[in-house]
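The chain below stands alone and is given in structure tokens; this is the form predicted on its own.
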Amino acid sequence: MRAIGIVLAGGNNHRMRELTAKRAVAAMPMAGSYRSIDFVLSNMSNSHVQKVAVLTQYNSRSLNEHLNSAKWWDFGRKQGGLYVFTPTVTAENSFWYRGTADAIYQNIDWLKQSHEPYVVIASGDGIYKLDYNKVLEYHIEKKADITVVCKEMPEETDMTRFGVMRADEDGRVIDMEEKPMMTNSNLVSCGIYIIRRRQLIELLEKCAQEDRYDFVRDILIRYKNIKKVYAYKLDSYWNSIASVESYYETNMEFLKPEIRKYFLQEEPEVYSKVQDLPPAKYNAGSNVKNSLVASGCIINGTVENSVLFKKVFVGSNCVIKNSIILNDVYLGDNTYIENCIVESRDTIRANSRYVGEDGVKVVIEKSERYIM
């Protein structure tokens, strides 16, 4: 593909509450065995984008560990590959990334040293499959300056967490708002953009001169009537894990056979860093219905309509319903969990009870597992 890729994975999202207290949103576990950034990196690899930069900043340690070997997404190559850029103190600059445009601008030398004519910019928290070549073909066909991938959402969707657009019959964007309180449009930006590399450099340099730092507000919205901005409508599955509720909902959708088949069985594949763990073990007395159970789990109790990530231990007589149990959690005997997200590496004491009655409850209980 005649493009390089940039993955924006450095932001902090307060709507994720306690879940992002120790990790970036792009590092959030997904669908039992993945992290959210795996989906965009797999799309880049499957679209034959051979040179990809990941811009990290907030709570980046676990994300950097996940990306420490590029071979899992087929980026272990002599030319191109995977680049992880964190904020760097230089003689000219000592700032952290102050926004998405500033994050790319601080690594503008990488853009200038590249030779590909186009750039694919994508956020690290989108769950979807997309061939970026099709978007590039649309971009060239429309003679667009910037192409934004968008999706029509159901009417009941909370639009306050999205960038909302309106496009004419030809697909040209005529209006755009970032996280509006009220809107009549249901067309949302998926956070995926294609732009010519030289034009991106020019716009970033102009933003920097004017002390502007945000890609959406200071480039897309600011230039929407000056540049030709077009909307490419996505007709397949897409969701953004921008809040605790949307994270819970997206994981639960993987329990639907058609969603699970689309992501986990159909080509192209979604790749992730693989751990050498034994298969899940179901002991006598266990009862599992309509659930995703990852490798390394040991089940002794009842699990219904839930997603269990790697190395979860479920004690005897435990009941887990409509819940997400993150990596390396120990659930003591006779525990009852319903409508909850249990944080990774938690130890839930025996006879505990947690129920999310007014929405999803995030459970964090740091009990000592081993007495020395």
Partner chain sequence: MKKEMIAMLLAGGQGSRLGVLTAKVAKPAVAFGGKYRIIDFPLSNCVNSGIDTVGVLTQYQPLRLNTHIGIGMPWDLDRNSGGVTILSPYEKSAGSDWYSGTANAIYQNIDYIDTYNPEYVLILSGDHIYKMDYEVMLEYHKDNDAAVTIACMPVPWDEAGRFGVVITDDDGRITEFEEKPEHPRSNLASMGIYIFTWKVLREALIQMKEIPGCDFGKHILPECLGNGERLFAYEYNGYWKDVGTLGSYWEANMELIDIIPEFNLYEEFWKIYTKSDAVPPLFVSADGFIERSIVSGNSTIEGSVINSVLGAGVTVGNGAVVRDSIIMKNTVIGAGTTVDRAIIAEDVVVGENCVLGIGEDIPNKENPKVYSFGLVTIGENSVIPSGVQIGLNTAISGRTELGDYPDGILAGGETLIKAGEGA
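The shown structure was predicted, so the numbers you read here are calculated from the model rather than taken from an experiment. Residue numbers count along the first chain shown, from 1.
Heads up, the form predicted together with its partner chain isn't pictured, but that's what we're talking about next.
Next item on the list: Select, from the options 68-76, 176-184, 131-139, 89-97, the stretch whose residues sit within 4.5 angstroms of its partner chain in the model of the complex by heavy atom distance.
Entry: That would be 68-76.
Item checked: 4.5 Å heavy atom contact, residue 34 and its partner chain in the model of the complex -> So residue 34 counts as contacting its partner chain.
Notebook entry, point to check: Quick one: does residue 311 come within 4.5 Å of its partner chain in the model of the complex, counting heavy atoms only?
Noted result: Result yes; residue 311 sits at the interface with its partner chain in the model of the complex.
Note to self: Please determine whether residue 238 contacts its partner chain in the model of the complex, using a 4.5 Å cut-off between heavy atoms.
What the structure shows: Contact with its partner chain, no.
Margin query: If we define contact as a non-hydrogen atom of the residue within 4.5 angstroms of the partner, is residue 163 a contact of its partner chain in the model of the complex?
Written below: Outside the cut-off, so no.
Next item on the list: State the residue from 287, 157, 225, 199 whose non-hydrogen atoms include one within 4.5 Å of its partner chain in the model of the complex.
Entry: Partner contact (heavy atom, 4.5 Å) among the options: 287.
Checklist line | Partner-contacting position among 167, 221, 298, 153 - heavy atom within 4.5 Å of its partner chain in the model of the complex | finding: Filtering the options by heavy-atom distance leaves 298.
Checklist line | Triplet 146, 192 and 208 all within 4.5 Å of its partner chain in the model of the complex via a heavy atom | finding: No: none of 146, 192 and 208 comes within 4.5 Å of its partner chain in the model of the complex.
Next item on the list: Taking only heavy atoms into account, state which residues of 240-265 are within 4.5 Å of its partner chain in the model of the complex, ordered by sequence.
Entry: Result: 255, 260, 264, 265.
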